[in-house]
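Taking the form predicted on its own, here's one chain by itself in structure tokens.
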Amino acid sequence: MNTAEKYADERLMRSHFHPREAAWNVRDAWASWNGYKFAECYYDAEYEYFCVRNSCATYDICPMQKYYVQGRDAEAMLNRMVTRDISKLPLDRVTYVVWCTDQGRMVDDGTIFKLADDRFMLTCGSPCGAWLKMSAFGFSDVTVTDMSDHIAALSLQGPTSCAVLKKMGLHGIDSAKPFDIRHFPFHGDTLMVSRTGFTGDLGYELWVNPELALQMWDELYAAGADYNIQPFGEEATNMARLEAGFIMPGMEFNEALKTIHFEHDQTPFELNLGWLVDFNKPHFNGRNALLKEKERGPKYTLTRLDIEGNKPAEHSYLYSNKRCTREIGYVTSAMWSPAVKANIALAMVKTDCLEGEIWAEIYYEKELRQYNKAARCSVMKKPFWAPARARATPPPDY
């Protein structure tokens, strides 16, 4: 590590779980997320991925942004900001949401937790405090509090995750349905557990006072010792979320407030998230623009592709014929999927070309030689990975 890298590393904040994670990170493979030192991988990305798919593993979400939105007008303010109708959200439930500019371009996506009738928590990948405060303008009784550094959060994912939580002593956790929230007493405080995650598998997220973060880690890992529990980093997360068909900022979409070029950001309809846009609720940001887009149809549509062969189509252009003469889109994420045993990708495809042939021009290296080939693509209507255990209540024990 050179002097500049060392200085940059010293400036990064440490997660509430960092003392434990540093001991696991034998590769010393770190990156940064929202000013936190964050693991790319701990030992090997594929090994960590298989832990998620076959047993259980933890992913540090302390760097994720967390905001409390409170007050008599909290629900009305959030309902004005996001495209989904959250007035229907029951207590102790979580819902996935997106919010847009007045032009209907996506600012970000995230989740809203309803903790009380007048208290919500919004989580997202990038800082959103300024946008939330602007959205609160004009509402007389609403406050926005940035809790990002004041809540320790850890994601536990995989088929044995529920069994581990039961062994940890969280009685009744197996009755939680997807997107439910449960509260448990924990050393004089409260441990909140939501049945949520970013892997498409059975999984939970644990939220606790930072002072109890290491205590929670130790008890969770003691309960998971017989299940080969271990942490996983960003690389394994990206593999799992791609199999589930989940979007990632900086890959499937650009946040509208960060783009320079016209329409280099995306809309919910382009990202196949039209089901999150509710035109029957009161006015919300971007409503007029999104209504026009719904009527005319999006220019591009995010599409799941099963691609011939085993060469991942990373950064590939898409064409309407094997000769690759008419460009119709581009791949956003791609991989060979170990679980699905297929060459999969997410891609932005011109909407009027979805019914025709789709070919990917793939460039790859073999024994230091560069090659390229055209591979036929098949459109997949369902997620690549969606096991029944992810939705089952109670989940099966393994």
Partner chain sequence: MEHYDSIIIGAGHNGLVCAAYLARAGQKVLVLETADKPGGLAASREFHAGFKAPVAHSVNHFPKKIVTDLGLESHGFGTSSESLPTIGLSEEGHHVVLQGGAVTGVEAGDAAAYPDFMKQMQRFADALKPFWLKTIPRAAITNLADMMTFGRIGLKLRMLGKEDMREFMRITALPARDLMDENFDHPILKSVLCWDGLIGSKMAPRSPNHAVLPLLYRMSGDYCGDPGSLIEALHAAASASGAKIRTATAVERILVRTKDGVLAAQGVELANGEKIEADRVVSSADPQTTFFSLAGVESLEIEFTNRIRRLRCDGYVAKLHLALNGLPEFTGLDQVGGRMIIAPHMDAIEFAYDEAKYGECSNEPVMEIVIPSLRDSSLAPQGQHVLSAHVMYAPRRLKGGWDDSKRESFRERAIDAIARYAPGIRGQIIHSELLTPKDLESDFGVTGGHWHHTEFALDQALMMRPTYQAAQYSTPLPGLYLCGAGCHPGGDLNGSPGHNAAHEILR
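Computed from a predicted model, the values in this text were never measured in an experiment. Residue numbers count along the first chain shown, from 1.
Form predicted in complex with its partner chain: not shown, discussed below.
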* Are all three residues T101, W131 and N285 in contact with its partner chain in the predicted bound form, where contact means a non-hydrogen atom within 4.5 Å? -> yes
* Name the stretch, out of 195 to 203, 216 to 224, 162 to 170, 131 to 139, where some heavy atom lies within 4.5 Å of its partner chain in the predicted bound form. => 131 to 139
* **in the predicted bound form, I307 touching its partner chain (heavy atom, 4.5 Å)** => no
* Although its partner chain is absent from this view, report whether V277 comes within 4.5 Å of it in the predicted bound form, heavy atoms only. => no
* **is_contact(M81, its partner chain) in the predicted bound form, heavy atom dist at most 4.5 Å** => yes
